[in-house]
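Take a look at this one chain, the form predicted on its own, written out in structure tokens.
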């Protein structure tokens, strides 16, 4: 079982985790998700978690002390105070921030190999720099834009990672054909009715011929990637047949 801990100022925002595949994965014992309210780890009468930045400027910055205390309490099996001077903690401690490395399917696959993750949701102007320097082991961004907080980003990461856990999607290997899983965008899908308002499902999909269907799906994935994200073709693993089909596309013959 994987365990995911999420440190946040808005635990009530995570109701999404209680539905669909994420809910089923938790019920099946594939993942154990724990929400931690950052204010519970702050001290003083008012349990303050943020302060104005030194040197002035707009906005507020999350204080280091409640974050360090929270992580140390959540991950009691190792010491984090001296990081990164000591060996890396056994579990990734990830800060959700627009300054992090761009989140991709390959990163989701990387994270899915761990038994435990801890996600820290940034908020306001960000976190005290000492959290970056001495506590977290990774920083992840879900795009080149700024959100009010890291909660939505954390849910994106959790969703992408959990669906990769064996058994989460029901059908074995279902995640392996998703867009980006193979380096390509996924091709089109159809379901009943076979004829809707005169628009028919491609005959090959109704043929029952597994080999022809697999070839059609691969070619349509290549076509869609060529049309929408040709940059992905530079790093995708391509067979000789794939390269021939791309040549046909380039020549306008497919």
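Positions refer to the first chain, counted from 1. On a predicted model such as this, the values are computed, not experimentally measured, just so you know.
Only in words, not in the display: the form predicted together with adenine, which the text now covers.
Judged by heavy atoms within 4.5 Å of adenine in the predicted bound form, the contact stretch among the candidates 108-116, 67-75, 130-138, 148-156 is 148-156.
This chain appears without its partner; in the predicted bound form, the one residue of 98, 92, 183, 126 with a heavy atom within 4.5 Å of adenine is 98. For the chain shown alone, residue 142 is a contact residue for adenine in the predicted bound form, at least one non-hydrogen atom being within 4.5 angstroms.
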